[in-house]
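Okay, here we've got a single chain as structure tokens, the form predicted alone, with questions on binding and movement later.
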């Protein structure tokens, strides 16, 4: 996966300083900041659950914490604040599903939610946002994008090594977690359009990256597509 692939779009005409832009950016930035903060929590829980990889997982979690702080800085640069309350409401179902998997000791479920679904969503979102980012946020977003690919790869490797044993668990959690992810995107459609992002492009990008991840861990292309479409239609 080439994390540097982006669409070339001029961002000079985007009205970064208008109130409507700042309001929309604050809601989107809130989702980004809360998503990164939850990712840090998730990786720390995974470190407890997978002690042999605890050091690596804590390192990945610390990276997510830095991402959250960096994106708060992006909001401040534009004179706005992340709308954390709005974001926490959107993430609540997906976070609750992760915590439920963690309580039940469902490691494949935890890894699918965080390392596949959340990270694929992040990679897709940052790729689509990068061409329209302001000059302060652009290098930060590019750097974070590289990190998110690394986090995605951890989950792919872990699940691939155990694919025959966890295939059914992966399918089961996808049927719950993907429908919990789509409302986040739908809620942000008007704000994405305001700041120059194409919601349809993001959805297509997410689907492609997620299906590629399923193939990387052992699903056939046909099964990966069928699993994704079925879950998203639920």
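Numbering follows the first chain given and starts at 1. If you're wondering where the values come from, they're calculated on a predicted model, not measured in any experiment.
Beyond what is shown, the protein has a form predicted together with ligand PL3; the following relates to that form.
Highlighted residues 47, 156 and 158: none comes within 4.5 Å of ligand PL3 in the predicted bound form, counting any heavy atom.
Interface residue remark: residue 83 is not counted as part of the site for ligand PL3 in the predicted bound form, having no heavy atom within 4.5 Å. Using a 4.5 angstroms limit between non-hydrogen atoms, residue 111 is distant from ligand PL3 in the predicted bound form. Residue contact with ligand PL3 in the predicted bound form: residue 25 places a heavy atom within 4.5 Å of it.
When contacts are judged by a 4.5 Å heavy atom cut-off, residue 101 does not count as touching ligand PL3 in the predicted bound form. Shown alone, this chain has one stretch from 49-57, 204-212, 167-175, 33-41 that lies within 4.5 Å of ligand PL3 in the predicted bound form by heavy atoms: 33-41. Contact residues in stretch 116-144 (any heavy atom within 4.5 Å of ligand PL3, taken in the predicted bound form) are 118, 119, 121, 122, 125, 126, 129.
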